[in-house]
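Take a look at this one chain, the form predicted on its own, written out in structure tokens.
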């Protein structure tokens, strides 16, 4: 199946600190955003990439990406006030040719091609697929005052990553439903779930971390150095 990718890069990255948004920071010689885009640039099934950035960054993002991208491969779209509004903007910019849509966070620059392959295959079969990892720590549910309410069974809990991959009609329907009902969610799979569609999980990768702090950026650099050293052996 042919696929398109929407990369969410419209966040402000306030937790990172500093004058530059985290998606433009350098990670081992390349901007974080470019490393995230390369996952799709290098994949034969992906024919279209939509990068959603803050409205005042569209020109600078194009200048950053286009020298490394084949002509016509990447479109830049202006994001909204929330992630959901930004993904909606990206969906509006899609062409009609892609059967699958990958939604990825620009702040996850280390997702592998093997992971994307697994997700595309699962979404083609089931309609919607997300990568997950098992939490390493016990999870507690707490109330507003900080007291523990319950201890969920960790065996049935998963931490969700991106990219998340959907059949085009499924993700478009989920966003139309969310707009009609005023629904808000922290990830796209949750909106699909609200339509009653099943979402299958695929084993994710611990190296597919989300960069939200300077420590995460250092850890991502470590993973890249480890990967390079392993390839050189």
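Numbering follows the first chain given and starts at 1. Model, not experiment: these values are computed from the prediction.
One more form of this protein exists, namely the form predicted in complex with another copy of the chain; it is left out here, but the text below deals with it.
Could you tell me which of 109 to 117, 86 to 94, 72 to 80, 125 to 133 sits within 4.5 Å of another copy of the chain in the predicted bound form, going by non-hydrogen atoms? Checking each option against the 4.5 Å cut-off leaves 125 to 133.
Residue 121 within 4.5 Å of another copy of the chain in the predicted bound form, heavy atoms: No.
Given that another copy of the chain is not shown alongside this chain, does residue 198 nevertheless sit within 4.5 Å of it in the predicted bound form, heavy atom to heavy atom? Yes.
Consider residue 42 of the chain shown here, and say whether it contacts another copy of the chain in the predicted bound form, taking contact as heavy atoms within 4.5 Å. No, residue 42 sits far enough from another copy of the chain in the predicted bound form that none of its heavy atoms falls within 4.5 Å.
Residue 190 within 4.5 Å of another copy of the chain in the predicted bound form, heavy atoms: Within the cut-off, so yes.
So which residues in 132 to 155, when you check another copy of the chain in the predicted bound form, have a heavy atom no farther than 4.5 Å from it? Contacts from 132 to 155: 135, 136, 137, 138, 139, 140, 141, 142, 146, 147, 148, 150, 151, 154.
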